[in-house]
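The chain that follows stands alone, in the form predicted on its own, written as structure tokens.
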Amino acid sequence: MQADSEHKPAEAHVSRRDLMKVGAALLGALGLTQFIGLNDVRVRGSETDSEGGRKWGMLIDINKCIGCNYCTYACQAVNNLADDMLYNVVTTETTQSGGEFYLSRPCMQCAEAPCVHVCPVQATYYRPDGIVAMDYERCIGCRYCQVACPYGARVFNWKQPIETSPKSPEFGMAEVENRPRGVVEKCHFCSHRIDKGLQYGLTPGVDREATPACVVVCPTGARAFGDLNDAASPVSVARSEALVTLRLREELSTEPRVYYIPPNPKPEDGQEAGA
């Protein structure tokens, strides 16, 4: 694309991306849901839940999370992210009884994702395996998806791509191509690892090379990953063994594919555990 731009006349100041931005804004004002010329069929969320196909999911045990941020750092290294571009965020939260815990938030990979519904150019879409993916060639940077996401899982790329993440090589090296400036980015469950692993007969969630970097790097085993349609997968086993699991903001009917084991209740001060 850069080679083409070098041969454009000097007076041509309007880029293809600028034209797409203007077009998307006009179509949005008209209440249209598809962009002219980009009306191919994308997979709907409900189509990814068939029992015959794979449906990738993750479980995070909050009781095992120690707030080390290794998941964040590994994600930065693998995706070549700067410190101000985080796909995975770890925050300190408080229970109703005042106990503190760490909450790690990747993209929830919703089956009914608001970001998919609002994208005017279908740059955000469902893969057949349920992963909510990005087509950066289509993204026009309107940031509708970022506003629509109820989990704060998206970041806008304001700057030119960096050469090397500050978390490399300690937490890994870049495994995916840099994204251009002016697009919205997000966690993708390390789909490049999943796809390549499956090609070589590996099992995501079991084999490290085919498993998301945040899961592999966790020193306490707080994360489990795998096929939610496979009862024997690590994530399915972890869910079946847990007394309780929950998903963030379930009342929104987004159907997240990231599950949590909530914090265990702490005994009150001065009270013996189990009393």
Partner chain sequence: MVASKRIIMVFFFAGCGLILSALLGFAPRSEARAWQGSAQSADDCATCHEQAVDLLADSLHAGIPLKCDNCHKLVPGAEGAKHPELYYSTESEENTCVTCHGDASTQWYDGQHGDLNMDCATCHEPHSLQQKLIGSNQTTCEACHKKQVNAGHGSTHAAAGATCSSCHIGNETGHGFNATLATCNSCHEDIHDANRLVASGFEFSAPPTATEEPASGGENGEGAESGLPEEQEPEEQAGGGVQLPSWLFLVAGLLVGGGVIWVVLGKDPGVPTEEKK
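Residue numbers count along the first chain shown, from 1. Quick caveat: nothing in here was measured; it's all calculated off a predicted structure.
This protein has a second form, the form predicted in complex with its partner chain, left out of what is shown; the following refers to that one.
- Contact annotation for E112: none of its heavy atoms lies within 4.5 Å of its partner chain in the model of the complex.
- Taking non-hydrogen atoms only, I162 never approaches its partner chain to within 4.5 angstroms in the model of the complex.
- Interface membership of N229, defined by any non-hydrogen atom within 4.5 Å of its partner chain in the model of the complex, is ruled out.
- Among heavy atoms of K196, some come within 4.5 Å of its partner chain in the model of the complex.
- Scanning 107-145 for heavy atoms within 4.5 Å of its partner chain in the model of the complex gives D135, E137, R138 in sequence order.
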